[in-house]
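Only one chain comes next, encoded as structure tokens, the form predicted alone.
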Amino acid sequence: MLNKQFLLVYALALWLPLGGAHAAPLTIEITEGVPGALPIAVVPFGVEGQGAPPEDIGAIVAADLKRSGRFAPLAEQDLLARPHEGREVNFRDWRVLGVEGLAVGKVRATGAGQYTVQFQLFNVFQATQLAGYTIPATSAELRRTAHRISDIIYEKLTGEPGAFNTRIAYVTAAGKAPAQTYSLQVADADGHNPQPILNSRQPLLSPAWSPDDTRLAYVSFENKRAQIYIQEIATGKRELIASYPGLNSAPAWSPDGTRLALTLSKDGNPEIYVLSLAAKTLQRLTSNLAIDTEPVWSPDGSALVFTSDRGGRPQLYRMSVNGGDASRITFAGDYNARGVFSPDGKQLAMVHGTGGQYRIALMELKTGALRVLSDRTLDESPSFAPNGAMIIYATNENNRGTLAAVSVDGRVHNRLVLQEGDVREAVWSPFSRRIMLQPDPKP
């Protein structure tokens, strides 16, 4: 049964056991894909001008598409030809291979550390161009440019937005007790380009992205007690938001970015509050002898879902952001916690426990139907990709904290691991503020 020690035990459980961790890329392994994924060819991009670019655009795009589970890129050694623009494409060659989509392109150096990336996407069987862009990029922007190309291809071929050009935030730990160091890091969605946002000798918990993708709220114990900060990612500037007596935890941004829902025990019991970031005023929403925690906003901003043991065991409850009665929404299993809405608001991912096993499950809010998606015994902290196609979560493997991702249909499974140490509490960013691209004229 959940009791008054729940929040402390929960926080500590995230960091047992601990190993060393570094600002190294997360390695992604596809552990299970989708049979019948769409055959596609991504030809290695040509290079023009002085000096090879520091990133292999074609390889990044192919890896992105493969990781989604929706595509089966042709192996490089199986390519019959290596065109770099549409006029070089012989569609009959690619039809022989059964390829439905074909991406070609080239990178041209235009100056010191300056490039233009040109790419085209074709429907092989119809011999038509689906997309074509020329994108300027610096050396540092080439990897992000590749992810933008992956997003365009994904959307053109599936009709849904891609989420490759997004980021994940997560917490790592290094060393052994009592000298652990903790790091809040941000990386590309494929685990590359990790950047430390904050390093601390004390635990860091519950990172949460602002809706505009520029700030993180998180819990820090650096002053020997739980406090909530908001930090700008680009500048490092941060602000202490909640330092009330007792517990300050579980920050969650409102969809418009003007408020935080959080858990405070300043009045004696952990309850759900909403904090106005501009006025710094608090509104208390729950009043119950149980522990109420882990609030999350519905995408339309009208309701909160939170975890409570008011029924004897941890379950999820829903209430209006204006207060009032809370209604229980989960009933299957012994334990349901850490709820998170899908971007369209139709589903709720959660940690679902039964028989001592804790897995990631997905519930249809309209019907209440629940499906278990993960297959280990200690899975936690689910977070949706902004396109709703994948869920990233924390798990444990060989006594190490690792990350994993699963598609919402349960068919695609990825594993994200550091070479050493533990990584926990990953959260997927919203869509980045996109720069509108002007497509090239079709040939």
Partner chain sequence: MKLPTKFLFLILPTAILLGCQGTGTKSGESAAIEDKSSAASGATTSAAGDTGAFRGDALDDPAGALSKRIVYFAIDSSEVAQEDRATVSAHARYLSGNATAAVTLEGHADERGSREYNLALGERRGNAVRQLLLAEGAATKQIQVVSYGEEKPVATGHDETSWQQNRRVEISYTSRK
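Residue numbers count along the first chain shown, from 1. Note that the coordinates shown come from a computational prediction; the quantities given were computed from them, not determined experimentally.
The next section is about a form of this same protein that is not shown, the form predicted together with its partner chain.
Among the residues Ala361, Ala217, Ala226, Ala163, the one placing a heavy atom within 4.5 Å of its partner chain in the predicted bound form is Ala226. Among Thr286, Gln120, Ser150, Ser249, the residue placing a heavy atom within 4.5 Å of its partner chain in the predicted bound form is Ser249. Candidate site formed by Arg201, Ala290 and Asn399: every one of these residues places a non-hydrogen atom within 4.5 angstroms of its partner chain in the predicted bound form.
Glu380 belongs to the set of residues with a heavy atom inside 4.5 Å of its partner chain in the predicted bound form.
Proximity of Pro270 to its partner chain in the predicted bound form: non-hydrogen atoms within 4.5 Å are present. Heavy atoms of Trp94 never reach within 4.5 Å of its partner chain in the predicted bound form, leaving it off the interface.
The closest heavy atom approach of Tyr133 to its partner chain in the predicted bound form falls outside 4.5 Å. Here the chain stands by itself, but in the predicted bound form one stretch of 76 to 84, 142 to 150, 293 to 301, 362 to 370, 293 to 301, has heavy atoms within 4.5 Å of its partner chain.
In the predicted bound form, Pro178, Tyr182 are the residues of 169 to 194 with at least one heavy atom within 4.5 Å of its partner chain, listed from first to last.
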